[in-house]
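Before any questions on how it binds or moves, here is one chain, the form predicted alone, in structure tokens.
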């Protein structure tokens, strides 16, 4: 089935009001009326104009048509298929066109709105009429957090542009402010689903969901890998050689940590459960680095010279083979 673009046939935009649609139809109907027109295929154009006007002049039919444009499936060969379960809830034949006129409309019109003066309808179990319905669109929204907010949890106010159906059945957008609670321990790239906070449903369909994508801002000290945190911890050469007890920052506050004697550059020490919250919680990995002190005094220089004489050590020995 070929899709009919009624807006294109009438030469109006999707946001055209009823006056624009009526004016465009009258102008083109005079141009292509078979009794006076000398245009090629005038009769076919005239029928297309009548079909387009029959749908777009009526807010209810136009609303259904706009939903078809949005949710129907279009094939590469130009074919069109309505959404699953589609049945129109509107009637035609009450305006400028009778059921007999509509019988000359396209297969597209026939498949969407039916023939014989009354469109097909279906009924709910409670006996009330029910037209085409569709679940609302799921929305996706990134939300930026500081690492401390992700660790502790936070309440945020979001400003969203959400789709809604106006009184003519057209899809528009409006701004909405939403307060959301972010639980403690969320990770970078994680999605949080807020049920029913997405786009509105069509024809009584349930609303879609809102998915928040967590994006954690870079931290000056910590790196995040899923639930684990990594921290580079500088040590003085003698702390690494002799061992020491030092204070280490964590997102929950500073803690004391024992550095074993003979620690090496790049060695990792784990603080269990000091990462992001979870079941289980993540860990904090402390990555050791050796920081050399500035050689600013004569006494410090002499100490290094003495160390070089008393501790024979060649860190490049593995490169001499």
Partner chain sequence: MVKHSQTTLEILDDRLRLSLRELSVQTGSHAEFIMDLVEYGVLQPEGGQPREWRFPGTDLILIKRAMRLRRDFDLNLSGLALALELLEEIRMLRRTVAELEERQWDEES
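Positions refer to the first chain, counted from 1. Here, rigid core means the biggest group of C-alpha atoms that superpose within 1.5 Å across both forms. Remember, it's a predicted structure, so these values are computed and weren't measured experimentally.
One more form of this protein, predicted in complex with its partner chain, exists but is not displayed; see below.
- Task: Select from the listed residues 270, 258, 26, 70 the one whose heavy atoms reach within 4.5 Å of its partner chain in the model of the complex.
- Result: Partner contact (heavy atom, 4.5 Å) among the options: 26.
- Scan 160, 244, 248, 180 and let me know which has any heavy atom within 4.5 Å of its partner chain in the model of the complex. Comparing distances to its partner chain in the model of the complex, the residue within 4.5 Å is 180.
- Message: Residue-level question: is residue 252 within 4.5 Å of its partner chain in the model of the complex, judged on heavy atoms?
- Response: Output for residue 252 is no: heavy atoms all beyond 4.5 Å of its partner chain.
- Contact test in the model of the complex: residue 33 vs its partner chain, heavy atoms, 4.5 Å: Flag for residue 33 set to yes.
- Item | in the model of the complex, residue 173 touching its partner chain (heavy atom, 4.5 Å) | Contact check for residue 173: no, nothing within 4.5 Å of its partner chain in the model of the complex.
- With heavy atoms only and a cut-off of 4.5 Å, decide whether residue 188 touches its partner chain in the model of the complex. Result yes; residue 188 sits at the interface with its partner chain in the model of the complex.
- Task: At a 4.5 angstroms cut-off on non-hydrogen atoms, which residues of 223-239 are near its partner chain in the model of the complex? List them in order.
- Result: The stretch 223-239, when checked against its partner chain in the model of the complex, contributes 223, 224, 225, 226, 227, 232 at the 4.5 Å heavy-atom cut-off.
- Core-aligned C-alpha movement of residue 26 between the shown form and the other one, 2 Å or more: Yes, the C-alpha moves 2 Å or more.
- Query: Core-aligned, is the CA shift for residue 39 between the shown form and the other one 2 angstroms or more?
  - Reply: Comparing the forms between the shown form and the other one, which are aligned on their rigid core, residue 39 does shift its C-alpha by 2 Å or more.
- Task: Verify the C-alpha shift of residue 49 between the shown form and the other one: is it 2 Å or more after superposing the core?
- Result: For residue 49, whose C-alpha is compared between the shown form and the other one after core superposition, the shift is 2 Å or more.
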